[in-house]
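Let's start with one chain on its own, the form predicted on its own, as structure tokens.
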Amino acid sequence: MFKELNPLLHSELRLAVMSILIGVEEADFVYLREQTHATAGNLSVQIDKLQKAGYISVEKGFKGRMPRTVCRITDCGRDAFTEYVDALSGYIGR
């Protein structure tokens, strides 16, 4: 039987953000926006959803006078991503 796919990670943009963060220590908002080609508003909403789920941490601050938002994947997020990939592998392997 197929494992249920995590609906939070099944969104294309949220999955893209998690895929980027799984491979780096941290990524700022501008980098994530450039890599995903998302609008700032949509990316902001999706980051908020991932943060509320505990999958990423978000730190807001300034670099000089410019606002800077930095995202990092949490242990919970890393586990959820691994489970999602394992479940998806079950679909592909059949």
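Residue positions are given as counts along the sequence shown, with the first one as 1. These numbers were taken from a predicted model, which means no experiment stands behind them.
Quick note: we don't show the form predicted together with the DNA, though the next part is all about it.
In the predicted bound form, the DNA stays beyond 4.5 Å of every heavy atom belonging to Thr36.
Shown alone here, Ser11 lies within 4.5 Å of the DNA in the predicted bound form, counting heavy atoms only. At the 4.5 Å threshold, heavy atoms of Pro67 reach the DNA in the predicted bound form.
For the chain shown alone, Ser44 is a contact residue for the DNA in the predicted bound form, at least one non-hydrogen atom being within 4.5 angstroms.
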